[in-house]
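Below sits a lone chain in structure tokens, taken as the form predicted on its own.
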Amino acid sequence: MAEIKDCKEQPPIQKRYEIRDPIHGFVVLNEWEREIIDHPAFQRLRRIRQLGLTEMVYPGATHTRFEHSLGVMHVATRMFDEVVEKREDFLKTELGYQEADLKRDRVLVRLAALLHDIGHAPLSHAAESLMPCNGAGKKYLHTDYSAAVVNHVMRDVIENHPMNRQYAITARDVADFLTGATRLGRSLLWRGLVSSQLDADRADYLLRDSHHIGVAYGKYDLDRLLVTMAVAIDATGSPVLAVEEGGEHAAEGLIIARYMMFTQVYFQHTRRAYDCHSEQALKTLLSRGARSTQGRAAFPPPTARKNVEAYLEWDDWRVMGMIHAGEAGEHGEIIRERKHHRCVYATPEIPSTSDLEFVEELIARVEDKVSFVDRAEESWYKFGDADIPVLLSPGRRDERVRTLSERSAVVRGLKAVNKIRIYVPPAAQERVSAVVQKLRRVRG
């Protein structure tokens, strides 16, 4: 790892390393974490780009899941440290934490944050539709693959490092943290640092993606958000990670940044076209590779070590090499030649009944020419149990928890997007566009 240098000022007893990061400055590692990063399964993340083929639209979008994972560990650690520094007495008196418990949970948070994307598929999220279903008919997620990689492939490097003697953290502990298994008990309090509406994952990728793409949409006040994070007891008597009332606007800023990045970047019409082409190209490659599950092309399920090892063989380098070799069918050729299908009609972000009727009528008229219909759906804020807790009057006798949606008109006003686009091959673009214009005139 050429970018790593020794930190000369650190004590020789526990050697530490630094990796220079374009977003956070220096990310500091210990020997145990470096060995995990050196593991082939983690090095694979160098070969998986964070945003798939987004570089076809934004040439700077060539950053990887490798650097993102380091960034998430860094941010999650800062979040943990801020909460503990501010609420250490609360954690010890109200939740029964001892100093050793906090030290162990800090290590667990760092490992889980570092490994949260270890099971990510190639070409970013475009491949997730090709993950199989489990016995209950529910589709596996990349989180399930990450947990399986940790359990089946990384057990030795996690459990048997000398630095783990004082913590006794198991691979199962890390995997269960990623999936939210209840057996972790009190330690699950910290899972929100890796998986929630205010987690280190979002905190990192918004800043990182906007930096590499060259847009300002994903920027927000991370430092303010960090210094206002806390832990509290909610109305049900459960401990929760929260943001103090002084950090409400910083939390709003992150949510708005995410909204802007999705609507202006992740849902950009050409970028979405390449997601569709990527999915179809991968489907062809999986079929030709005799990888099928439940009668369709799919990655092997994360149920056994041999399946996990076969899954880890897939990365962007392999996929793009097969595309270059002409093995990915029609959609592989489209990617190679950059002759993506064109969007001929798009609804507003929140379509009306009339917009939806227009889509149906248009498809009926040009069905033989439609290559795919893209539905860009996203809910910017989850209410109910997922609502962000806000701690009012922190440190006082009357401190209490409310939800961000109760206190923020901005959050309450964000409506889910359900943008529908119709794509056709370039040769059909002019003809179908004429049909769109004619139908608009007819419908007034």
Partner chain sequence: MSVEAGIPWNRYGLIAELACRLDGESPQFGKTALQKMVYLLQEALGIDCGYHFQLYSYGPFDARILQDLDLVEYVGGVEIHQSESPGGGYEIRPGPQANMLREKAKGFLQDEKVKKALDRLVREWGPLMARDLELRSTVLYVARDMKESGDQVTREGLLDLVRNLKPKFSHEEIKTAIQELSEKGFLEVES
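Superpose the two forms; the largest set of C-alphas matching within 1.5 Å is the rigid core. Numbering follows the first chain given and starts at 1. As the structure is a prediction and not an experimental result, all values here were calculated from the model.
One more form of this protein should be noted, the form predicted together with its partner chain, which is absent from this view; the next part is about it.
Shown alone, this chain has one stretch from 232-240, 114-122, 85-93, 205-213 that lies within 4.5 Å of its partner chain in the predicted bound form by heavy atoms: 232-240. Though its partner chain is absent from this view, in the predicted bound form it lies within 4.5 Å of a heavy atom of just one residue from Val373, Ala304, Ala100, Met163, which is Val373. For the options Val436, Ala428, Ile420, Ile19, the residue carrying a heavy atom within 4.5 angstroms of its partner chain in the predicted bound form is Ile420.
The candidate site formed by Arg172, Arg191 and Glu378 is fully in contact with its partner chain in the predicted bound form, as each residue has a non-hydrogen atom within 4.5 angstroms of it.
Contact check for Gly329: every heavy atom lies farther than 4.5 Å from its partner chain in the predicted bound form.
When its partner chain is considered in the predicted bound form, Glu357 lines it closely, a heavy atom lying within 4.5 Å.
Contact check for Gly253: every heavy atom lies farther than 4.5 Å from its partner chain in the predicted bound form.
Asn30 falls outside the set of residues with a heavy atom inside 4.5 Å of its partner chain in the predicted bound form. Annotation for 175-190: interface residues with its partner chain in the predicted bound form are Thr179, Ala181, Thr182, Arg183, Gly185, Arg186, Leu188 [heavy atom within 4.5 Å]. A displacement of less than 2 angstroms separates the C-alpha positions of Glu337 between this form and the one not shown, with the rigid core held in common. When the rigid core is held fixed, the Cα atom of Arg78 travels less than 2 angstroms between this form and the one not shown.
Core-superposed comparison between this form and the one not shown: the CA of Met322 stays below a 2 Å shift.
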